[in-house]
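One chain follows as structure tokens, the form predicted alone.
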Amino acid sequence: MIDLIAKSAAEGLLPVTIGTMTLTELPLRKMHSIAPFKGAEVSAALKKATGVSLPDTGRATAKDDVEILWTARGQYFLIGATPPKLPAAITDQSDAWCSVVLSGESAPQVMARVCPLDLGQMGEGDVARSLVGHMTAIIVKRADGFEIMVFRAFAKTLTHELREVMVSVTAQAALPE
């Protein structure tokens, strides 16, 4: 019989620190996609079961270790808890994503080079669905930088692209004026 060993998406690739920036992988967490059926109310049931209700468009709501992210029109990610029975399409996404945090004073400059959005306008808890390089991503503004979520299959590409830009931004900052 074969013994399977669970590995994180970016195992062996992270953490990495370049200049004043650090790229780290977040540990695997329970994650469920919730798409409420047309006209269905799920926010109150989620609040009762998890302590967190659905966020506004482009936002995240959190309490303790449970968070709900807006991820698209009519779609949310519940992170850190199992959803109750709801009138919604629910799928377990726990091992489908790679989540990393890019932190440090130059993190906004790195993101400006790989994402078409003006992430400097984001406040803590804002969520955007956009591109990072050529990969579809969910980007959450955190107090210490950006959480970037891509499909698990893109973990190596994401790490490579961010690392290359981190090196470039650090080198440019070191140039004499």
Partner chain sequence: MRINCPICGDRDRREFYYLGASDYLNRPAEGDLDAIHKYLHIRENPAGVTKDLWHHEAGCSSWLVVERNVSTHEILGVELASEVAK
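For clarity, every value in this text was computed on a predicted model and none was experimentally measured. Residue numbers count along the first chain shown, from 1.
The following text describes the form predicted in complex with the partner chain, which does not appear among the structures shown.
> The partner chain isn't shown here, but in the predicted bound form which of 142, 29, 32, 129 has a heavy atom within 4.5 Å of it?
Only one option qualifies, and that one is 129.
> Please tell me which of 62, 44, 117, 40 lies within 4.5 Å of the partner chain in the predicted bound form, judged by heavy atoms.
Residue within 4.5 Å of the partner: 117.
> Indicate whether the partner chain has at least one heavy atom within 4.5 Å of a heavy atom of residue 72 in the predicted bound form.
Within the cut-off, so yes.
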